[in-house]
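Consider the single chain below, provided in structure tokens and representing the form predicted on its own.
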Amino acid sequence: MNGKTTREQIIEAADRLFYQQGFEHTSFADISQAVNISRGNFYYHFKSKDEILDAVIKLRFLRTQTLLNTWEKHNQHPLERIRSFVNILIMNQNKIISYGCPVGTLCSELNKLNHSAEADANKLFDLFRQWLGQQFILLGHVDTADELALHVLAFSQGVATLANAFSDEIFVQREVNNMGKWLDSLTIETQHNHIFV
């Protein structure tokens, strides 16, 4: 956290704790202890936990957008971009096995709490949905792009949920491989007929 402002440190600590412990079970004291600041200094930056939640959601949205931009920059082919999304399950499998999907768990918790920030948290899923849909359009699946995007999202959430429930790394790897085969089957007829950007 060197070089980061106190506010940035608070947001990052809250992001981590909301993921690991849940929003409802994370207190001001938990966050201030993680950042090692006084309660007075904490309240100078945030007056309520809802203010912190708003900042955490904005941070996650920014990080997600940056990640998607990176995939587009480094992977010319949309199939490889989709694979990058799917492979998050492998890259983050230890965290997913321990805590589930950070997006899914937060959205689910806020829904149960009937929290006003639920719609903002769901925008992370919207971002993935739109981005995946665009990749499927580039693959030539114009009419079914949104349907396919939702299928990939449902796959990732299902695997994350079961990986967390069963703590099974082999299951995660097997399902990611199966998704890879499914993606290959979608591109057999179309990948040679399009120019990908």
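From 1 onward, residues are counted along the sequence shown. A quick note: this is a predicted structure, and the numbers were derived from the prediction, not measured.
What comes next is about the form predicted together with the DNA, which does not appear here.
- Only one of the listed residues (70, 41, 130, 33) places a non-hydrogen atom within 4.5 angstroms of the DNA in the predicted complex, and that residue is 41.
- Scanning 57, 152, 172, 37 against the DNA in the predicted complex with a 4.5 Å heavy atom cut-off leaves one residue, 37.
- When the DNA is considered in the predicted complex, residue 48 lines it closely, a heavy atom lying within 4.5 Å.
- Although the partner is absent here, residue 157 is not a contact residue: none of its heavy atoms lies within 4.5 angstroms of the DNA in the predicted complex.
- Proximity of residue 65 to the DNA in the predicted complex: non-hydrogen atoms within 4.5 Å are absent; the residue sits far from the partner.
- Contact check for residue 61: no non-hydrogen atom falls within 4.5 Å of the DNA in the predicted complex.
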